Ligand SMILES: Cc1ncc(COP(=O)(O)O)c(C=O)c1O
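Here you get one chain, nothing else, as structure tokens; it is the form predicted on its own.
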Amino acid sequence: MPGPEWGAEPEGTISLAYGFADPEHFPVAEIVEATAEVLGEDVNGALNYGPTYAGLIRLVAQRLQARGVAHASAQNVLISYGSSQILALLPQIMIDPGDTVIVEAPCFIGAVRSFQEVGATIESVPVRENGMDIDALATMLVTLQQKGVRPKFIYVTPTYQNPTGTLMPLENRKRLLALAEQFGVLIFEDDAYGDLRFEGEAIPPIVALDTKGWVLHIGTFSKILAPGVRMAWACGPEAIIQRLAKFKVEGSSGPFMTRVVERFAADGRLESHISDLNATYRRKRDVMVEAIKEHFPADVRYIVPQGGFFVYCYLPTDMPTVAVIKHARDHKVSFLPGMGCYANGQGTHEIRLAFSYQNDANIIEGIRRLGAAMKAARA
């Protein structure tokens, strides 16, 4: 969301703020087909009271195994109502008021708010071009240990991070895991965008490197199927999974939708759909980057992501984000201010742009309008 500093957006505004999926690429016909198959086979099992469909749990475990998570199984996988449910449940079972949690800066602020709501003290580690700064993290862990503080967990999005789009290299993932083991701190790995890879070699998630139970991994069907299905998963130490399940007081994730998602994903349909999505989102990324090159001031720095939904920009010192917001309203374009991605008020010269939702023409026009707003703010 653009945030309260925007007020109501003027009519005709092109929003580059929302990390929504492309509605033109929802697999409607395939979902309808999967629904008909499910209802044609077992109406009672699908539409009556019942547990989460075991077939979906198996499918998630198999997909994780294919990404190198050898220990993924039905015993340590939990299906949830979107990844936001896990983000809300984990602090309930792990955090007491005053406990310390380490997050990225910038990061997905929705997660930070979940941690703050239960009274966590937030410590932020900068994100560089290779993701979380592991040297800075190591220094922070030593400093906290000297103060007698053991963080409850490290929240990290190593693959196409929200908001920066950065990708953590394999060596840094290994170092992060080694630090977690050394200091006895859980890693909470958010892998919402892990399947949306446009180029480069696949890097295993941190959970695939974990042999001692230091990683809780979450993923979601929201980015690779449709956000409206509200289906995601957690994989990690069995004791944590069991406790999360106990706090999931509404019970199962529903026998009907879990069957539909599993049926849609079966027989390679999901992987084929992901391949189509990656072609679409890569094109949109390229359209946005080319428009930025043409319309933004030359001293605006930006990260070209290898996957995900976002391009992150760093504005020059004479172009604060709040000034750009004012002129962006006049030019009828919106974005996510960097200040909305930090727990500590930073990001005053940063913005996040989403290429996922808008069509190519709107991306180009939105960037043109924003470039004009930047030039007006500087003037």
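Just so we're clear, the structure is a prediction, and the values are computed from it rather than from any experiment. One rule holds for the numbers: they count along the sequence shown, beginning at 1.
As for the form predicted in complex with this ligand, it is not shown, yet the points below apply to it.
Given the stretches 130 to 138, 78 to 86, 168 to 176, 241 to 249, which is the single one in contact with this ligand in the predicted complex, using a heavy atom cutoff of 4.5 Å?
Correct option: 78 to 86.
Using heavy atoms only and a 4.5 Å cut-off, determine which of H217, R263, R285, K223 is in contact with this ligand in the predicted complex.
The residue from H217, R263, R285, K223 that makes the contact is K223.
Tell me, out of V125, I206, A192, A234, which residue has a non-hydrogen atom within 4.5 angstroms of this ligand in the predicted complex.
Exactly one residue meets the criterion: A192.
Can any non-hydrogen atom of F108 be found within 4.5 angstroms of this ligand in the predicted complex?
Yes - in the predicted complex, heavy atoms of F108 and this ligand come within 4.5 Å of each other.
Looking at the partner-bound form in the predicted complex, is F115 within 4.5 Å of this ligand by any heavy atom?
Contact check for F115: no, nothing within 4.5 Å of this ligand in the predicted complex.
Considering only heavy atoms, tell me if Y155 and this ligand come within 4.5 Å of each other in the predicted complex.
Yes, Y155 is a contact residue.
I'd like to know whether N162 contacts this ligand in the predicted complex, with contact meaning heavy atoms within 4.5 angstroms.
Taking the distances in the predicted complex, the answer for N162 is yes, it comes within 4.5 Å of this ligand.
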